[in-house]
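Below you will find one chain, with nothing else, as structure tokens; this is the form predicted alone, and questions on how it binds or moves follow later.
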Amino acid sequence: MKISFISPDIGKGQANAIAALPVFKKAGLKNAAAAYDKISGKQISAAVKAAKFDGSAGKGFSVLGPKGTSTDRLYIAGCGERDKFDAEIFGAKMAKAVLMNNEPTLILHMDGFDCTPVDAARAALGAVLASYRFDNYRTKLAKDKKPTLKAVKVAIENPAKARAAYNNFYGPVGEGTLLARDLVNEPANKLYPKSYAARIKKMEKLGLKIEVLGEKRMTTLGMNALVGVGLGSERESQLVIMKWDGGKKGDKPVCLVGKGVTFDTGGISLKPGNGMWDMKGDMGGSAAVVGAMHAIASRKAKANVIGIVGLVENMPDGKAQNPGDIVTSMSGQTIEVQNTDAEGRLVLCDALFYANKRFKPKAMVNLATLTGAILVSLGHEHAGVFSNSDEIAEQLAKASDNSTEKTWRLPLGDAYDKLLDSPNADMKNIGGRLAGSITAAQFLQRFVGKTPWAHIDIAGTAWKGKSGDVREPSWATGFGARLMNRWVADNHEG
């Protein structure tokens, strides 16, 4: 999708396009809408009157572009009350509406009603997110099912400032989110630990330093919890480290850690067959981290950030670990594996301990499609946040509001932690039927020491069968890439 920012002059740069003109409730035709109405000889006013259109949200109609302009069509979009207008949602709705309408260009008029350059950039981002498709493996897609929208132009009084806001932040964040979606949408026969690591390695062109650890190196380091998850697979597990040195030399970094189970059968604790195909998405936490690191590097963030993803495939096999096995993690703590389908925490515990020991970060955040229990608690609307730091929890809440990726904090506590005690090892990897998301977080907390840390359970938000959010047109949402970018930008840059 080509994005550009142009002057609001309706006589320039608007050929072969459909122009979206926002109209607010009971505010009448103003700005570009009024200009088009004048040049059309009041045809738009007449249409407004005939349709009894008052600018209510969700209402709208289209007319042919008037003589004297080069615009093909105009869409008069009802946007409701001005103080409730969301530029990102507006851009998304307009792009989604014309995605396959044989118009190559959409013009979003954001001029004349106190929209800032950031609003214009966010409108473009909304259009990009809503236009996303994953058609990589569709060879017989009918012509009328293919997107025809190729470009979005945003008309604003100061296009240079809007362009800067987009290029310096919102554009890279959009690219990172689409990358995360692509990764989650990929089938497991195409995206497995080594092929995934190879794709990440290509991000070195952005200025990232990429390091890949194989099973031999991880075993030498004592990462038996992570390596144990992949024992039943023919595909070797990987740990990928992405390093961005954009801050002051010597400043401690922040670490983003992601669970990357490229396919999860449950191992010997086998999942039910129905719906198991969705388990190609059990690497959504890693995708969020990779997408975030792509954006951080692309926008040259002034921060030191380390991204780490543990990539494994959890399969049943004669070599797979069994329920009841005891493994020694890199931390030296022993874990009784009572359920091999509680594997994500085994991957993360070694990745978190490694990150903490090697990089000594000032803060760590991990993301994971960790528990089905989080869907029972929060559905598909919010990701669950668990933290040993009130400061980080508050930062993430603000980043959630600013990025529009919604989160909700849930508790930790000693009573929950005791549910992980095992008579046979230092801990077990499940805490029982109750409070499953919390006990999973308590398990991870045992491996982070005193470092400020948060765990974000995105099992309900990484993919959705249906979404009420027009920016999420695909199964995979890319959730977490925007949130992590916002958290880094607001708290760790400059």
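Because the structure is predicted, anything quoted here is derived from the model rather than measured. Counting begins at 1, following the sequence as shown.
Quick note: we don't show the form predicted together with a small molecule, though the next part is all about it.
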*Could you tell me if Asn339 has a non-hydrogen atom within 4.5 Å of the small molecule in the predicted complex?*
yes
_is_contact(Ile430, the small molecule) in the predicted complex, heavy atom dist at most 4.5 Å_ = yes
_How about Arg122 - does it come within 4.5 Å of the small molecule in the predicted complex, if we only consider non-hydrogen atoms?_
no
*Mark Tyr36 yes when one of its heavy atoms lies within 4.5 Å of a heavy atom of the small molecule in the predicted complex, and no otherwise.*
no
*Thinking of the small molecule in the predicted complex, which stretch from 445-453, 49-57, 459-467, 64-72 has heavy atoms inside 4.5 Å of it?*
459-467
*Of the residues Asp282, Asp350, Glu313, Glu186, which one places a heavy atom within 4.5 Å of the small molecule in the predicted complex?*
Asp282
*Counting non-hydrogen atoms within 4.5 angstroms of the small molecule in the predicted complex, say which of Gly214, Pro104, Gly372, Pro147 makes the cut.*
Gly372
